[in-house]
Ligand code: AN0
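Encoded as structure tokens, the following chain is the form predicted alone, with no partner shown.
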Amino acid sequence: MRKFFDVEDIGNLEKALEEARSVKSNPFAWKALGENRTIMIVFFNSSLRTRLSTQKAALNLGMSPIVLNIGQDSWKLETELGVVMDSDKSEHLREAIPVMASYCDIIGVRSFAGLTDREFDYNETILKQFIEFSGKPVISLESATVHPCQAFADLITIEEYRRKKRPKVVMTWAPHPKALPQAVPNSFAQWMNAADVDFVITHPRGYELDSRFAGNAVVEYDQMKALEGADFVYAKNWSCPGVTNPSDYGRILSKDMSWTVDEAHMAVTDNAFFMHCLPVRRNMIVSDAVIDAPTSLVIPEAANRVVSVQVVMKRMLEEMK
């Protein structure tokens, strides 16, 4: 595995989930794989779960993690080619990436969407430069359009808690005070479409995800109707993807608080489990009563972030033997 970006990169999902179960039950079994190996974890944006889970997974595999916070631990980096570098950015990715690569065996990169230039974001301009110029295996730790480690952890969690062979999984938009990227909902949709689940997306009009991620999912604009009989409810905000109107890309089109997942919403489900990637805005995305209920999976879901990224690192290390 040279890159981890889309669900296709993980290969057969059943095999990946079986591997995840093995890693979770015995996380130190492959510690010799990472001996004398280094992973560089590059952050263009803040993080809690991604940072800690990636470092923990690396240590479980015997690797040495180096964490680099761009603009804090390093120079500010220019990301576009062809620009005159007369601003506050002192170094270009074109030079920085191969330098980073010379100090490590694997690179993990976290870089959010700018939400102003849809073409720049959806072309994955930053992540693709790491893949092109590093010569090393690259893991997306969230990029402009995807968050595969989160989606893999979500699927692991659903597999652990499912009560039926083919559960109904509903991803619902919820209000938020800030414009957020589409990376988490994009990847969640992509991975659920590949899994053996009945998948439904619900959101206000104008929030339609790009078809490459939404795939064949059922889209229901009536939130309560979508939630009926659900086994898992995945709440997440995202800003306008700009599918129908590119000029709206990155905008907040609605702050309708009736979309906040509360007890009334969960009452129409089949005693569904609640999921969210965290951090979460309480009483905007979800009510206190729902996130604090016994059916809330937000903590097990976060714990599985170690498992998902460890499976990916393990596969990359195995190919280096």
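The model shown is predicted, which means the values in this text are computed figures rather than measured ones. We number the residues from 1 along the sequence you see.
This next part talks about the form predicted together with the ligand, which is not shown.
Note on contacts: among Pro167, Pro137, Gly242, Pro181, the single residue with a heavy atom within 4.5 Å of the ligand in the predicted complex is Pro181.
Checking Phe133, Phe112, Tyr161, Phe120 for any heavy atom within 4.5 Å of the ligand in the predicted complex turns up a single hit: Phe112. Mapping the unseen interface onto this chain, Val290 falls outside it, with no heavy atom inside 4.5 Å of the ligand in the predicted complex. None of the heavy atoms of His203 is located within 4.5 Å of the ligand in the predicted complex. Although the partner is absent here, Cys277 sits close enough that one of its heavy atoms falls within 4.5 Å of the ligand in the predicted complex.
Only one segment in the set 68 to 76, 120 to 128, 140 to 148, 192 to 200 has residues whose heavy atoms sit within 4.5 Å of the ligand in the predicted complex; it is 140 to 148.
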